[in-house]
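The chain below stands alone, shown as structure tokens; this is the form predicted on its own.
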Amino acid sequence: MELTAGKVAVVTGAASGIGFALASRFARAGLDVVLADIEQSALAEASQKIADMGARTLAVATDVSDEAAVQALAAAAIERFGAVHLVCNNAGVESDADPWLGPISAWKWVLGVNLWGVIHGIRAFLPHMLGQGGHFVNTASIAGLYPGFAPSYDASKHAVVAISEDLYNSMSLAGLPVGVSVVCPGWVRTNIMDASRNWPASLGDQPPPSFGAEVVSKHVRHAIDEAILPADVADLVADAVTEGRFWVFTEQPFVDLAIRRWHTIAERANPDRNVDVPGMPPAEQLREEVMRLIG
């Protein structure tokens, strides 16, 4: 799909990070941009920045885990611009709560945003695209192909990859003019590690971090600080949409990580806990740092 003036893009999680970079990239291409985010003040600021670039914008405060809210987002976008051609289901969160012994609320939050947000986005906008054509961009992660980051996050991103591939196949088999891309980045310089600022009051008290989370978090934050910029991801996404490509990766070492995992699967071998993740200390060093907390 060509990114040209007259097209309309919707981006969730648009107030910061990859979402804001996507909105900016589309605005520079001449698209009208609908920005959605749960952080209302940050959303208003982001929308103004995009408008200052000369784009027509619409900001809609949206909790993507809420089906009615996403349906309202779609209705507002259609009412304002008359059509939607590109939907980026990008909103995402992570939790460092204990996934096995901690409260279930952390799972509900992560899956609600990362998984149900994508489901709601597809179901809300697909009916508007079937006749005119369009493209979905779903933000997953390399964690959607290689588990080992955080169970709730990994589960949500694996599901996003699967849903995206299923949607791509459904549209292709039916001969419908709707494209699909899935974004599987490694580390990106965003504020994902501070996602808990948006913890929903409806889920009760925010759960405490799991044992050893501070050790891993320290290294993850360092990796993120040294990572590629969201604008670089946005350029890769724009190229994929224009070229009709499904997969969007940011760096080959992370793809190699997933390839190594699938070789292990093909060999029927047990998961390898000694794999070193790009940008992180060696696996053995991480284990030693966590064990020092015990001793």
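Residue indices: 1-based, along the sequence shown. Note that the structure is a prediction, hence the values are computed from the model and not measured.
Although it is not shown, the form predicted in complex with a small molecule is what the next lines describe.
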Seminar exercise, completed: Only one of 210-218, 133-141, 161-169, 97-105 sits within 4.5 Å of the small molecule in the predicted bound form by heavy atom distance, namely 133-141
Exercise. Is there a heavy atom of Ser24 lying 4.5 Å or less from a heavy atom of the small molecule in the predicted bound form?
Worked result: no
For this session: Determine whether any heavy atom of Leu86 comes within 4.5 Å of a heavy atom of the small molecule in the predicted bound form, and answer yes or no.
Result: no
Exercise. Applying a 4.5 Å heavy atom distance criterion, does Thr190 contact the small molecule in the predicted bound form?
Worked result: yes
Exercise. If you check in the predicted bound form, is Val93 within 4.5 Å of the small molecule, heavy atoms only?
Worked result: yes
